[in-house]
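Presented below, as structure tokens, is a lone chain in the form predicted alone.
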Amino acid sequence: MDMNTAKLKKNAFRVTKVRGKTASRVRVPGGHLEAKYLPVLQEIAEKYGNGTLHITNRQGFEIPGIDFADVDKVNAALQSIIEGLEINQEEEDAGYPASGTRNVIACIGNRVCPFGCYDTTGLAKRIEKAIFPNDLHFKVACTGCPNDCAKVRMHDFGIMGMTEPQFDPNRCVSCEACIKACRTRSVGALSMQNFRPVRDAKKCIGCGVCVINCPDRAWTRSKKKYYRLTLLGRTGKKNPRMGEDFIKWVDEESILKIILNTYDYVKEYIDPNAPGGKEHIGYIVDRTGVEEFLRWALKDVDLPPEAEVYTPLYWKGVKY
């Protein structure tokens, strides 16, 4: 059977090494879904695929072994999952409408993890609604705290949860548990002065280790949510590099606006002759210069007064 592979890939199906067979990529924004959808995936895998499922690096599912002739049937069978996860769609029963912008991933966040500073799945789904579908190659990841279980520094946009610890001296018994925890498990931002812990605001990374380890709840998390935004990490065979800190103590609205602004920037400057119509954002920034990127990224962004923008920005890494 002849197949338009460009159309196939845009519909989130993979070109495989087995002639006449493809694999369906199933998006799961934030990596979280209700268990009731698992039997749907099982049925598709057994009826149209080879009976197996692959859990992808981006927290989705891949169903291999699908005949080209069954692509439309698989798309229709996936409709209940697409609707249940509230994924944007251009046409019902047509599957996923783009393959460029990857699934937004997230660690389990504060729904479960005591270290999590925010609802990572909730933010991942909000970002997904704003950026998908789109053929541009973007990777976004959310992690609940500076432990960075989601490895966000390997993505174009890494969103790391922070908290501004709040101290109640009336509850403190001067046990120094917070200071020991910060020194051994974080960055040593606390010191003892006059029998009370004092926080170095410049050194603090907002991890919340002091909150978790205080036995008397003298330290609590701030009600306001804060984030650290990292930029332009990438892996791959050509010039991999870690994402660099861009802004800390930034708010959710600013992050979303910066991501959307970057889509506009890429549309303006992407190389039309790039292989497959895709070019990594980092290469575009290398070509246009950091200042031009920042001019687009920060357009109409109203940063909160406590936000700190890192300057200068320098992306280092392996060079071939």
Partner chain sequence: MGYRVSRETLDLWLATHAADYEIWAPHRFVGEGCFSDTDSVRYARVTKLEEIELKERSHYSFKEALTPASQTLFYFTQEACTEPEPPVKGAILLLRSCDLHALRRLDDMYLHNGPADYYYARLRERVKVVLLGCAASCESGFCVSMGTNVSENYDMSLDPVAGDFLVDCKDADWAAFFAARGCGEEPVTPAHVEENAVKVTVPEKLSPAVAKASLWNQYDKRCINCGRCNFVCPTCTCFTMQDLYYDENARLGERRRVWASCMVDGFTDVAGGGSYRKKNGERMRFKVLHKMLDYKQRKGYQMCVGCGRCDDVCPEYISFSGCVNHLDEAMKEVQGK
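In this text, all values refer to a predicted model and were calculated from it rather than measured experimentally. Numbering follows the first chain given and starts at 1.
One more form of this protein should be noted, the form predicted in complex with the partner chain, which is absent from this view; the next part is about it.
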| item | value |
| --- | --- |
| Contact stretch among 88-96, 135-143, 108-116, 70-78 - heavy atom within 4.5 Å of the partner chain in the predicted bound form | 108-116 |
| All of N194, D216 and K223 with a heavy atom within 4.5 Å of the partner chain in the predicted bound form | yes |
| Residue among R171, R183, K203, K151 with a heavy atom within 4.5 Å of the partner chain in the predicted bound form | R171 |
| Partner-contacting position among M242, V187, A130, C175 - heavy atom within 4.5 Å of the partner chain in the predicted bound form | C175 |
| The partner chain contact in the predicted bound form: I179, any heavy atom under 4.5 Å | no |
| Partner contact for V211 in the predicted bound form: the partner chain, 4.5 angstroms, heavy atom | yes |
